[in-house]
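Presented as C-alpha cells, the chain that follows is alone, the form predicted alone.
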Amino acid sequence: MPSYPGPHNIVTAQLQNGLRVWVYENFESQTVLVEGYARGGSINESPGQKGLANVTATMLRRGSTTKNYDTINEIVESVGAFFGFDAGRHTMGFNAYSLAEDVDLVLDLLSESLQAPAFAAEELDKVRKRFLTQLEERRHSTRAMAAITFNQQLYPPGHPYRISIEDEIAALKQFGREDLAQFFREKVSPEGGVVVVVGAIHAEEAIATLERTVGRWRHPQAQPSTQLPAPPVLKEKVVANVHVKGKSQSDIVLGWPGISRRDKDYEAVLVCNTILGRFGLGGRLGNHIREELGLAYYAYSTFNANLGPGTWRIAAGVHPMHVSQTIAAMLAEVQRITAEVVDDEELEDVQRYLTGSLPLRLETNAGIAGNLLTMAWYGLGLDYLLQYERRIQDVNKEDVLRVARTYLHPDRYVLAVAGPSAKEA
C-alpha cells in the first residue's frame, strides 16, 4: 500500500482562536499550500440576504484597511503566490499558495484580510456588477436553470439550501459595506474551524506561523449557526419545466434527497453512483443514453454530501426533441439498479477504479490538502485514507442494491427540464 497521509505523518494542533490545524510535510517540491474552513456560510443569511456570504467572502480579498486591492495584487504577483476566500453553505473558506520561502508573506496578507477587511465601497460596486452579470448569465443557461429549478422543487421556501436567483439579485442590489462587515463580524468564526497545511515546511514552523498570523483573527461576538437543516421530504413525483428563450439544447436534472458526508452509507452510495453514472464515459447512464441510443451530449449521475443531507442527481444535455426519450432511458436505468443485483465483474471494476484513482488524487499538494480538509472538517479520522481501500472493498452487491432502493425511487423524484419552448424547438 502506498504511504498515504495518516496518524503517523499528520501533525495536529489547535490555535488559540479555536482553529484546528493539520500539517503534512512534503518536500518533493518547494511549495506550500494552505486551505481552511471557518464556520460561517450561506446558512447564516437571514431573509433578504441571499448571496451575502458569497459577496462577503469575495470582498475579503478586495483590500484591507492598510492595503488596497491593487497593492495586494502587486505584492502577491511579485512572488508568484495567491490567496483567496470563498463561501459555502456552512463555511467561509480560505486558501493560499506560495513558494516555501514566501509563506510568511502570503499568510500575513491573508491574516490582514481576515483581521482588518476594508469592504471598500468602490470595490463593492465592482463586485456587485460582476455578480449581477453572472446571475444574468445563469438565467440564460439551460444547464444552470435545470439545476436551479431542481433545487427549488426539492427544497421548500425558507429552507437554507434553497436557491433563488430573483432573491439574490434583489438582495445584491441593496447590500452596503456595513451589511458585509456585520455579517462577517457576527456570523463567521474561527472557533471550531480547520486549517490544513501541505508542503515544504516543517510542522513546528507551520503551526508557529499560523499562530502568529491567522491565529490572531478572533470574532468573540460571532455566533454562526451550527444547526443542521431538516432534510427535504419527497412524497411524490414533482415535474417542473422552465423556458429559456433562444436555446437549441435542453438540460435535464432528475433526482432525490441524498445523504450527509458523515452517513454510514457514504461508501456504498459512492460505489453505487459510480456504477450508475460515473465509471468510464458516464457509467450505465452514459453507456446507454449517450453511446447506445445517441440521445445526449452528456449523461451522468452525481451526489453531494454536506454537513446536512445533500442530493443525488442524474443530469443530461439533449436536443429538445429527445427530452422525453432521455427521461425514459434515465428511469429505466434507475429501475434496473434498484431491481437487480450488480454482477461481480462490474462491482470489482468500479472498486478497482475507486481505489486505484486515490494515489493519483494524492500526487499533488492540492490533492492531499483537499482530502485532509475533508477528513478534518467532517471528522472522518486521521486514518481515513489508510482505511479507504478497505471501506470500498467492503461494499458488496447487497449494499449497492440496498442504497439504490433506499435513495433512488423510480416513481418518486424531482424532474426539472430547462430549454426552448416547443415552438422554438
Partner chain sequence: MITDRLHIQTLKNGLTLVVKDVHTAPVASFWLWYRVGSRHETPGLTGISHWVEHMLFKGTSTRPKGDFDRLIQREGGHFNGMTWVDWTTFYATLPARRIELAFDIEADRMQHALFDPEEVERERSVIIAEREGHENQPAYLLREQVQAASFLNHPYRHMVIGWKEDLQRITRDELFEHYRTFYTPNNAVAVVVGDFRTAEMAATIEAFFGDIPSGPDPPPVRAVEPKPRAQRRVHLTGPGGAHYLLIAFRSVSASDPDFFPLVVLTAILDGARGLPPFGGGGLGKAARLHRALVNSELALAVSASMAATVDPYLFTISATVQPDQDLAAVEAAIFDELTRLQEEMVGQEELARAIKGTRAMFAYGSESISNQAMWLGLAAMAADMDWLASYQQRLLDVSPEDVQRVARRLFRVENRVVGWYVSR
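Positions refer to the first chain, counted from 1. Remember, predicted model here, so these are calculated numbers, not experimental data.
If you look for the form predicted in complex with its partner chain, you will not find it shown, but the lines that follow are about it.
Comment: its partner chain is not present in this chain, but in the model of the complex one of E204, E348, E178, D104 has a heavy atom within 4.5 Å of it, namely E348. The single contact residue among A208, L281, V238, A170, judged by any heavy atom lying within 4.5 Å of its partner chain in the model of the complex, is L281. In the model of the complex, its partner chain sits within 4.5 Å of a heavy atom of E28.
Contact annotation for N396: none of its heavy atoms lies within 4.5 Å of its partner chain in the model of the complex. For A296, a non-hydrogen atom is located within 4.5 Å of its partner chain in the model of the complex, even though that partner is not displayed. A residue is said to contact a partner when one of its heavy atoms sits within 4.5 Å of a partner heavy atom; H90 fails this definition for its partner chain in the model of the complex, lying far away. Heavy atoms within 4.5 Å of its partner chain in the model of the complex are found in one stretch of 283-291, 257-265, 221-229, 144-152, which is 283-291. The candidate spot formed by Q115, G381 and L415 lies out of contact with its partner chain in the model of the complex, as no residue has a heavy atom within 4.5 Å of it. Along 90-115, a non-hydrogen atom within 4.5 Å of its partner chain in the model of the complex is carried by Y97, S98, L99, E101, D102, in order along the sequence.
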